[in-house]
Structures are given as C-alpha cells and as structure tokens.
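Only one chain comes next, encoded as structure tokens, the form predicted alone.
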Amino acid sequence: MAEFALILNAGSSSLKFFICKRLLGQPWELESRGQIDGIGTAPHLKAKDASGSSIADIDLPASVQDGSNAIEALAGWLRENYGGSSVVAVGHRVVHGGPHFPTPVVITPEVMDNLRRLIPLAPLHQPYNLAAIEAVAERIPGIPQVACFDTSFHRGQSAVAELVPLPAHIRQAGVQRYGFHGLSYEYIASVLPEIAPSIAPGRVIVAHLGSGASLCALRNGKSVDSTLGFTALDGLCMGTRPGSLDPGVVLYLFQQLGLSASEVEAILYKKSGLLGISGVSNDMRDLLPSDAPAARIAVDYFVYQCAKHIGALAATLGGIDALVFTAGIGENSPEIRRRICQASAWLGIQFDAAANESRQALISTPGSPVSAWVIPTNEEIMIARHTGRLLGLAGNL
C-alpha cells in the first residue's frame, strides 16, 4: 500500500496542493501537484503528474464556496485517484508565525490558538491558512499536520533590520519587522548553488513579484533584509496593497475622513496598490496592454518602486552580484523584467533583451558585472521538506 504526504497552500480563492508518495520501504517521490482556482465563483481543479502531464482539468460544483468546501472537493478527487492509499502527513503554508514560531512546527490546539491571534497581522492570508488546517483535522482526525511560516526564513536578521522604531513597551509586545514570502526566498536560496553557483555565496537580491510583491537581500543564501515588515503591507506596491505608506496617511483616514478601522483595513488590503491607482485591475496582465492613463501610471509606479527598493537593498548588502526574478509577474512578464533591469542598469546590470524574451534563466549579457536571472519558485516543495524533517520523514521529501 502506498503512503502519501499532502502539502497545502490555501488562499482566499485558491488551494494549491502538492502530493508526495512512497511505497513501503521506498523513498518519497513527487506524485502530482495542482490547484483549485475560482473558489466561490467558478471553482476549477487542475493537476499534473510528476512529469508535468495533465491528469485533471475539471469544473467543480458551484457549491465549492470556501476553503472547507475546496478541501472536501480535493479529498473526493484524491479518493477517486488514490483510493486505498493513506495520507500520513499534511504540511501547510501559514503566512505569519509571529514572535513565538521562528521555525516550522507540528500543529497542536495551543499552536492554533497562538496563530489565530496573528490574524489581524495577515488578514488576507492567515484565516484561510488556518481554515485549511481545521478542515483537514475535521476530515482526517489525528493526522499529523505541520505549519510552515513565510516569516521563518527572515528570522536571524540583525537587530537593526528587525527593528520597528517605536517605544520599547510596544516592541516588547511583538511589534518588529518579520518579513514574508520566506518559503519562496528559501527555495530560491536552495537552488542557487545548482543553477547559478557563481553567485550563490554572494550578494543577491530576489524579486518575488506577484499579486503580493517583495524583495529580499541575500548574502550567502541567508536573508539580510527584505521590503516587507510587521505585516504584508510594507515595501513594494502590490495588486491591492499600497506598499510603503506615510503613517500620517492612515491617521488622516481616521481623524479627518472619519473612517472606521474596518474601512481603513479594507482600503489598505483590498482597494489600494495597482487596483487603487489604475481603477481598472489589480492584475498586471490587464494593466500592461491597457491604454488607460491610470493603468499606465500604475505600471510605472510598480516599476519605480521596485527599482527604488532594489537600490536600497543593494546599499544594505554593500553592493550587488545578482538580481533574481521569481513568482507570477517575475517569472512571466518579460516587459516588467526589462523595465526593472533598465531602471537598475546603474548597478551594473547589462540586460540581454533576446534572452529575456525567450525566457532563458540568465537574462543579462555574459560579461555583465551584475547578472540577472529568472528562476521559478516552489513554495510547496519547501513545505514538503520541512514537513518531512519535522515528522521524521526526512531525506526524501
């Protein structure tokens, strides 16, 4: 009989899954991966096997309205395709680990209580991450589950990099810069020695550009600084989040416009960023071809902020050896990569337009003083590795 480890990355409208398999006495291997999109609107399940061939492309019932329904739909698909096998572990992406969880952890009721207290710090992600854990516990009672945090990779930065300059009693309550997208950055750091060994020990800035966007400065594969801080609102302009913002603006929303806390939260998390600037869309795929002036300025602002923060992180590193693009926009938009590299040419990036358009891994010229790369991320495989290590399934996940 085969055993399975299930890796889940739950969002508000999607559920990514990654399935590892082993036969008794054999090593773990990737079996399949996929996702359920359109939860609450037009739910759809896609999956591919280990070779990348499609094994599922199906519309799901409209009753799949939330994460719990999505888990149930996934469980049904697993029963149909892997009946007779047992799930022995489930690993989850959880965005915020707060001050108590610097590393992945086996989930217990006490852990869940602590993670629920962090929901206000990651309202777009944490509730859905935790709902997936609860749904699995309800459907497969007693199965070991592991929480892997987007904040973990950044722990260990210098005291200065983690500092929020507020009074000590506030900082002692857990207010500090945590950083996010850590599972993505950890994966990139893990594959650099194989893909680009000459830069792996050096000063590398990774640009995780998607609906959520951030930059991370690496030295010898370790996080030195990043653009996200206490919450996932800081740094770069994102799909619906503003990025860096004068705190006085938030005071103005409360004091002069008379908005409530829930209204301000909705503005900051759901109505700002590319969507707020353009009034058209939060999706770069919609904005790039648009002729609307507001769409153009939204794209310009996104590029401007990326280039600005790349310069700042280069300063924290004392220079830069390489720039790496990853995530949805970073991996799939040659235009955004071109514009950011050209805006960052002063750092020493000699851009190769042909390599960029043909989607090669190296998109700078061979002799460029600072190289530029495109490396697909894989957060799920990092969750699998952590889950395996923590539960004694190590080495082959």
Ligand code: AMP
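Start at 1 with the first residue shown and count on from there. Note that the structure is a prediction, hence the values are computed from the model and not measured.
What comes next is about the form predicted in complex with ligand AMP, which is not displayed.
Any non-hydrogen atom of G276 within 4.5 angstroms of ligand AMP in the model of the complex: No, G276 is distant from the partner.
Distance check, I329 to ligand AMP in the model of the complex, heavy atom within 4.5 Å: Close contact exists here: in the model of the complex, I329 approaches ligand AMP to within 4.5 Å, heavy atoms only.
Proximity of R285 to ligand AMP in the model of the complex, heavy atoms at 4.5 Å: So R285 counts as contacting ligand AMP.
Partner proximity in the model of the complex: S333 to ligand AMP, non-hydrogen atom cutoff 4.5 Å: Close contact exists here: in the model of the complex, S333 approaches ligand AMP to within 4.5 Å, heavy atoms only.
Segment assignment from 291 to 299, 203 to 211, 166 to 174, 316 to 324: heavy atom within 4.5 Å of ligand AMP in the model of the complex: That would be stretch 203 to 211.
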